[in-house]
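In structure tokens, the next block holds one chain alone, the form predicted alone.
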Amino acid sequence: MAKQAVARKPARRSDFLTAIPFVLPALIGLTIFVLIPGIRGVYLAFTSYDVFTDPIFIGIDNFVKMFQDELFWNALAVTSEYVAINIGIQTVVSLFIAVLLHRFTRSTLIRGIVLMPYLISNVIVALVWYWLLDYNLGLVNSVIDFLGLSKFTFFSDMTAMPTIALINVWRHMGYTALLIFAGLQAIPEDVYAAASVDGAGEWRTFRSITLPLLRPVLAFVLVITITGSFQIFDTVAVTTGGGPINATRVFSLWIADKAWGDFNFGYASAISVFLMVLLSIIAFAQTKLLRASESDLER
């Protein structure tokens, strides 16, 4: 046994050395574009910095100012509203589509059609929907007017954020559905066969078997979709630009305004650090509460 253990060590070391050239490009990119800017961003969060002069250390003043800023609470409320609508509807619709794909078709063509909106640039999607939903010239309101109904203002202060959330639901639901579909394929067919023998109906099978066995996949999907939704930027920037009256001024847009509009990079960095900490806490809580690392198939 000792000889076998000694013999295995060179093989493992050889595998590690072989893997280094494959990992190195990603590691270099991660270091240059994520780690170094991230560390500098954390440092700038404790400074007063406007690009034109050297950073001046001011301690936690930026964070104190942030929590006293009405725009901070507005951004938190607006972004949370977007996340709640987007993730709530997207998860349910994507799960429904994934179940339909799993039960009724395995066609690669159908999967490609479902995924197609996700392959289109988010800026293009936002522009197209912005034109379609325009109050005066948009196709949707033209149809509504043709039917004799009152036109609808999709981008007013009350409806702009739900509209933007639904636009992104349309774009991302295919990709999310395919992630869930992959999880459905990993569930053994004999589990469903046993449930059928026991007389379980469609809804009982879905509630008692499919959902519990999908938990790790759903946890992964929720982590990446929620953290991604909190960073929404391009759809808002293209359609409303944060308006009307800050009704859609989400965190990412507010950070960009402070950094590139006011040249207050220290304050913008403080907001970014807060958002990073918030998303880390949310992701950690989701992973623990949903037990993402565990699978009911192993029990």
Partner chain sequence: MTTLKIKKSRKSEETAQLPRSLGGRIFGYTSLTILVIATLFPIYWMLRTALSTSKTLFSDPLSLLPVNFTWGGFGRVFGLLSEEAALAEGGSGASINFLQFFGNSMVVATVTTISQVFFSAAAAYAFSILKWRGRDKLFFLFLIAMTVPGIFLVLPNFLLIRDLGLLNTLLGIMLPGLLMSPFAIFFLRQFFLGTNLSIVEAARIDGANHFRIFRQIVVPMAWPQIITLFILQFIASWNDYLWPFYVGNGAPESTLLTVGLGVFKSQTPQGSPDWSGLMAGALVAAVPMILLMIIAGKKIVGSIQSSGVK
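The term rigid core refers to the most C-alpha atoms you can superpose between the two forms while keeping them within 1.5 Å. Numbering follows the first chain given and starts at 1. This structure is a prediction, so every number in the text was calculated from the model and none was measured.
Separately, the form predicted in complex with its partner chain exists; it is not shown, and the next lines address it.
Screening I167, L214, A160, V114 for any heavy atom within 4.5 Å of its partner chain in the predicted bound form leaves a single hit, V114. The shortest heavy atom separation between D234 and its partner chain in the predicted bound form is within 4.5 Å. Using a 4.5 angstroms limit between non-hydrogen atoms, G59 is distant from its partner chain in the predicted bound form. Its partner chain is not drawn, but in the predicted bound form it has no heavy atom within 4.5 Å of F72. Looking at L95, you'd find every heavy atom of it more than 4.5 angstroms from its partner chain in the predicted bound form. In the predicted bound form, its partner chain lies within 4.5 angstroms of at least one heavy atom of each of the following residues of 248-275: S252, I255, A256, A259, W260, F265, A268, S269, S272, V273, L275, in sequence order. Fitting the two forms on the rigid core leaves the C-alpha of F22 displaced by at least 2 angstroms between this form and the one not shown. Relative to the superposed core, I60 undergoes a Cα shift smaller than 2 Å between this form and the one not shown. Core-superposed comparison between this form and the one not shown: the Cα of W260 travels less than 2 Å.
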